[in-house]
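Just the one chain here, the form predicted on its own, laid out as structure tokens.
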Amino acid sequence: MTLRAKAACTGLATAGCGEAQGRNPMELMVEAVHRAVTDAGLQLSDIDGLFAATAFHSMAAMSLAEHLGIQPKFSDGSNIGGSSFMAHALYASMALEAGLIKVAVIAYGSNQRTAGGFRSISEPMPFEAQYGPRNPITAYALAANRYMHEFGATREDLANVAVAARGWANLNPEAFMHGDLSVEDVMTARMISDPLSKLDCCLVTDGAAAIVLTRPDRAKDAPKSPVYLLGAAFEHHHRMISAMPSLTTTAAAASGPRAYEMAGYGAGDMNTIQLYDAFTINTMLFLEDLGFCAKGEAAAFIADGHIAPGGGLPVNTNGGGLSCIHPGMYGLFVTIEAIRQIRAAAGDDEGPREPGGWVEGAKLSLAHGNGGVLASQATTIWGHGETV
């Protein structure tokens, strides 16, 4: 637990969110880094640690450093899917605490929407490829079906997740999707992979993001409120969905408790919860596995309005991957929303939101990432200085 609060986020930014015509992933990522470094009151020359992963670059950290014109002392480009960036936050914290670096940047970029699709870097899965799955959605539909079978959940229960996310998006001018969304709209949308309709699936957008992490002694001089990484853990139990030990319990059930233990806080202490909602089933599984409700109870919990605006448990407050943004790998955007909520509550100018869009008094935020087909799970706990 020696890594608790040994790294703090002092800068963050996004770029090209939604549609970024004529821009490639590297250009978007470079812009996000420039903005994040400026937000932290630093210069590019201050960066000596660099962490990046995309589906477009085999050596993302090295390519990004070259485009930025920097020569980092430490870098990592490991890729465990959409949860890579939570893992990178842990690696960066380790490097900062060890004295290997002073300033770390974590970055991501994608133009999947305007490029006409997401470039998959996945090899065919043995034992599964012969059946022609349309992954990742086939895998998530399998998990959703199993969950419905085990716990009696319905398509309406899944639809409630999308409706709640749209409610938050309608409070966020930066969200890609706005407007009324009903349970009927979700259930009557085009079926993609039973039981998941088009509106049970995340958006397809462009977008880049970056955050700056530094040691606490340097963070206190940042122009905006530093937000500390209090706890972090990740775990993975499979690569192929056919090897998943249980289709209704993810490795978040292991990563969450370890992150809470490091942070010294529990699920009930969190003021905002940001979950990787690539599909509606994700939110249900993660609410349970991370301790916000018991296994099998997420459907009723969500149906009672707990995660929607005004419901008492602010979940995916930007609108999530279902209604705000999802440029292929969503983990860094989950992280940024968790941190922004804390900064906004501290009085930093985080941009316009409708009343209720910023969570009053938010000092602790959970950001949870998911990679592959419910495979890699990474949980981070972020806190205001008063929580350290």
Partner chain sequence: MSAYFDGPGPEAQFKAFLATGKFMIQRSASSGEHVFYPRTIAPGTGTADLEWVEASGDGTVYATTVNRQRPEKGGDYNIALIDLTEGPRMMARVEGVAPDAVTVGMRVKARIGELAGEPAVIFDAEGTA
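Numbering follows the first chain given and starts at 1. What you see is a predicted model, and the numbers here were worked out from it, not measured in a lab.
Not pictured, yet referred to below: the form predicted together with the partner chain.
Shown alone here, Gly305 lies farther than 4.5 Å from the partner chain in the predicted bound form, counting heavy atoms only. Contact annotation for Glu156: none of its heavy atoms lies within 4.5 Å of the partner chain in the predicted bound form.
Proximity of Met94 to the partner chain in the predicted bound form falls outside the 4.5 Å heavy atom cutoff. With a 4.5 Å cutoff on heavy atoms, Pro257 does not count as touching the partner chain in the predicted bound form; it lies far away. Shown without its partner, this chain lists Lys295, His149, His178, Lys73 as candidates; in the predicted bound form, only His149 has a non-hydrogen atom within 4.5 angstroms of the partner chain. This chain appears without its partner; in the predicted bound form, the one residue of Thr114, Asn170, Asn145, Ser225 with a heavy atom within 4.5 Å of the partner chain is Asn145.
Stretch-level contact check against the partner chain in the predicted bound form with heavy atoms at 4.5 Å: of 190-198, 206-214, 170-178, 281-289, the positive one is 190-198. Proximity of Lys6, Thr38 and Ser45 to the partner chain in the predicted bound form is absent: no residue of the three has a non-hydrogen atom within 4.5 angstroms.
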